[in-house]
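Take a look at this single chain in structure tokens; it is the form predicted alone.
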């Protein structure tokens, strides 16, 4: 009888589920098991009936949606024509990666587990529901879940001997190359010319917010209100230089990639072939991210210095997670800074392992803040430039927002690769249906797109609740709103939280305008939208809406909750939030 094979399938949007799947695969390889790892949409789902053991690692995106790389699988697995017992030979386990600050926490993993059971699959252990909000992050759930999985796996296969090899198997080999003819990377993105990069907050305001405008003439890009634009940032020039110095790499040296025997996968499609070290580090390796625990596990395999090895061993262990969190997550220490802290180990890193150590830079999404009906051939986004202090000397900076902010179209022509995706917000087509939009701060971006689009079509039932700190410092699009108010195309209700002694937020304005909202929702079938930071605002707005129903509809708190849930289920209450 052949040794059991393990298949790990993942659905990942930002790379976390992929990283977790690869971590499980490394654990399997250390146990000398046959293992395959791939995104769900790269797997021929029809062959699932012949697999023996499968781990599904799934993230949840948006409002309970599957990640992009498992949408084909998702449609297939929920086909009504699939026989009830079709997966009765399958042993499997589901690990969900989510964030409990979102209302549909780990929705995809929960729904997948339920469907697999319906199809007859046998669950090896209860579903794992990792939570990014836990003080120790997802690992607080992943670690004990994996320990339980391996225990169950060896119980099912008692003939297997537990062998643990402490080795790292690399995915690719990097070979030096001459400056010969290059294969261009495949791409679904457009190079859009950056036309303007304008700060829209007062210079005295602590937060730098920018409005970026791109020219998409001749691109065939079409978008509607609620859609998002995707782009991949580049690492800062200084970071690329420091990385090459730490690893003693020549940034201008060229290499070609080929997969190793252990990972007969496809080559990264975004890289030039041959490629320079500079291009790899600048555009592909995510060296500015806060590293995951798997990074320390991999770094440990190179450590020969006793002190550094001891520390990396601690950070890689389940017992050392409090210390790792204090060292890495809390101060938001980057992978590059970790390399600088472990110089002896960094000096031992072989170039062939770079793509194993550092994940690929993931695309960032931004709500489109303009409408093609108002601004033909143009696309605008509103971006808060992320920069804040921790106990570390250097301020922490958001990779994409700071990269964008550094681009100056007045000095040279700049082209940014971008592509457009359907967003989660859907606006009614019926021109008689009013919309109520709650968008404090940069959360107003998708609503500017909607207001531009709807007013271009002559629709006037637009109510916007906008909140910011100060009327004089961060009141985005003020002049534009005033014109629309004058033209009777918009009702605007504002909350400037710091302009008076008692803080006033959008939820306060909702409570104050209960009669207006009740009339719009119950008599005119209005749609209600929330966009902005996921921390406290969305739940505060929902509570204020429940209060409207209680006050104006004279219903109980329980019935008000049911009314809000019913609006959400019918699509009349939609939210797009981010952490």
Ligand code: 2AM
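Not measured: the values here are computed from a predicted model. Positions refer to the first chain, counted from 1.
Beyond what is shown, the protein has a form predicted together with the ligand; the following relates to that form.
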item: Open vs blocked, site of the ligand as found in the model of the complex, superimposed, 2.4 Å to backbone or C-beta; value: open
item: 4.5 Å heavy atom contact, residue 253 and the ligand in the model of the complex; value: no
item: Any non-hydrogen atom of residue 537 within 4.5 angstroms of the ligand in the model of the complex; value: yes
item: Contact flag, residue 145 vs the ligand in the model of the complex, heavy atom cut 4.5 Å; value: no
item: Residue 138: touches the ligand in the model of the complex, heavy atom cutoff 4.5 angstroms; value: no
item: Segment assignment from 546 to 554, 54 to 62, 506 to 514, 41 to 49: heavy atom within 4.5 Å of the ligand in the model of the complex; value: 506 to 514
item: Listed residue that, although the ligand is not shown, lies within 4.5 Å of it in the model of the complex (heavy atoms), from 233, 128, 423, 440; value: 440
item: Among the candidates 87, 468, 464, 192, the residue which, in the model of the complex, approaches the ligand to within 4.5 Å (heavy atoms); value: 468
